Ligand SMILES: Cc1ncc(COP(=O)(O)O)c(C=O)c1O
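Quick heads-up: it's one chain on its own, the form predicted alone, in structure tokens.
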């Protein structure tokens, strides 16, 4: 392995991170008399526009320091979403070829973003075949399969090194409730919940971790039953989170609570977010927000004060023709109005009635 090239590659990736200010911690307006503060960590401001920018950076650094990526290595990933977009960005930075293996029905917007950063898209007709096809391509070209679903939980240093958990707690330091009562995240690989769960234990915080899960996802069922081979065999309609199988990076033992969120409720929540704050986000942010509201309602019922932190995972502009399109919602059979009414009533009364 060319050690000089690896040193320069690590420097380039670290310099890119150093040029970027930390992502913002936004405040969602709640009635002040509640004594509860809700924050959204805005991951959409990363150079590639999503939370997956952090994961892609970690995966490439992990491959570099383990001697798996060199100056002529082709990078392969099984992803139709934001992870592939971010990995393509870093591959171009290092002058490496990148191939994303994805279902043929992947949205044109995501394909265009991957190709914009110099990546190539390799399509499969059966989504479940992405994994084996990515492995096959990596073997065939003697490349490196980044494998986000396996390595997400171990590529990120959960003890520090500016991971997302360390960033959140540093930004919360001067708030009136600096140690969050809850942190709410979704699971796509499971890496983010693993990072937060490990970090709060390592730092001896009392914060609890809640993972929200969309319809058709296997994570909720696996956490409830303890069966890590739990499958639904159905794809999630909320991009970025939810999987038909339990991925290797999912660590259920560091999760304190899971909430299953209807897909239509996620759509309602992102529309409310835009109305109340001017920020528009993707569907996974709606899933996060819907779960955070439920936890806040519990805190109010119990007479507790405190703070809740969740994530704004990516921007809504990527979903202008889907999640924010009334015709598309109707075609999918989403009853957004019913869930919007639940959210509005909650913000008026503090009570949850679904």
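Positions refer to the first chain, counted from 1. Only a predicted model underlies this, so the values are computations on that prediction, with no experimental measurement involved.
Another form, the form predicted in complex with the ligand, is not on view; read the next lines as being about it.
The partner is absent here; in the predicted complex, the one residue of 180, 214, 197, 190 having a heavy atom within 4.5 Å of the ligand is 190.
Proximity to the ligand in the predicted complex, defined as a heavy atom within 4.5 Å, holds among 114, 241, 75, 78 only for 241. Although the partner is absent from this view, residue 308 stays clear of the ligand in the predicted complex, with no non-hydrogen atom inside 4.5 angstroms. Under a 4.5 angstroms non-hydrogen atom cutoff, the ligand in the predicted complex has residue 52 among its neighbouring residues. The shortest heavy atom separation between residue 313 and the ligand in the predicted complex is within 4.5 Å. Within 4.5 Å of any heavy atom of the ligand in the predicted complex lies no heavy atom of residue 218. Checking 180-188, 222-230, 257-265, 98-106 against the ligand in the predicted complex, the stretch whose residues place heavy atoms within 4.5 Å of it is 180-188. Within 4.5 angstroms of the ligand in the predicted complex, the stretch 270-287 places a non-hydrogen atom from 284 alone.
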